[in-house]
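What follows is one chain in structure tokens, specifically the form predicted alone.
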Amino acid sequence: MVKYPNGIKRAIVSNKQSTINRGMNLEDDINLSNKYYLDYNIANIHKKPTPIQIVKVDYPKRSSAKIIEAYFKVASTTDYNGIYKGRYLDFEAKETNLKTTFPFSSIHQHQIAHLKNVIHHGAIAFFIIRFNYYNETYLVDASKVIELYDDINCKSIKYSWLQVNGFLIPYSLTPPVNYLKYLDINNKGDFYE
């Protein structure tokens, strides 16, 4: 058992078993990575809150108010944004349990429109996509995903395409998803100059 500084405990298991334990934890892994980046003054990146309209609250005690009913105010944009090496970055994190494809039905049109807009204004924009079946996490430039998304004949990202066009991010303890490393090595101008 490994105990992280923030109190989270994780079992050390073989690679085969870790697929089961980490099945739907991409967001948790990215949040831990972002905390690591912030704690070590590497970057300042945060999960965006989903905008909601609170309709009904139960107040059994003043100290324990509970939201009973709420609605999404507007469609959310992407999952994360922040700043790294003086550049704004914005990205969406997704995962799939499928073996061969990541379906575009998991990406909303307003997210694509948002990413196009931030790219237009000079942001570093990307997707982090985890294929749970293979226990593999990839970083891919948002402009490449947008190009596929805009192709009316394309309904998904093929796993084989992601292997060629994305960067495989190996799992590590600190941070679990070290995605900033791949922005640094990809200094050909795809992400930053």
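The first residue of the shown sequence is 1; numbering continues from there. All values derive from a computational prediction rather than experimental measurement.
Another form exists, predicted together with another copy of the chain; not displayed. Remarks below refer to it.
Chemist: I'd like to know if N153 sits close to another copy of the chain in the predicted complex, meaning any non-hydrogen atom pair within 4.5 angstroms.
Modeler: No, no contact at 4.5 Å.
Chemist: State yes or no: in the predicted complex, is some non-hydrogen atom of E69 no more than 4.5 angstroms from a non-hydrogen atom of another copy of the chain?
Modeler: Yes, E69 lies within 4.5 Å of another copy of the chain in the predicted complex.
Chemist: Any chance H114 has a heavy atom within 4.5 Å of another copy of the chain in the predicted complex?
Modeler: So H114 counts as contacting another copy of the chain.
Chemist: Does another copy of the chain come within 4.5 Å of any heavy atom of L38 in the predicted complex?
Modeler: Answer yes; at least one heavy atom of L38 falls within 4.5 Å of another copy of the chain in the predicted complex.
Chemist: If you check in the predicted complex, do I128, L168 and K181 all have a non-hydrogen atom within 4.5 Å of another copy of the chain?
Modeler: Not a single residue of the candidate spot has a heavy atom within 4.5 Å of another copy of the chain in the predicted complex.
Chemist: Out of the stretches listed (120-128, 160-168, 28-36, 137-145), which one is close to another copy of the chain in the predicted complex, meaning heavy atoms within 4.5 Å?
Modeler: Going by heavy atoms within 4.5 Å, the stretch is 120-128.
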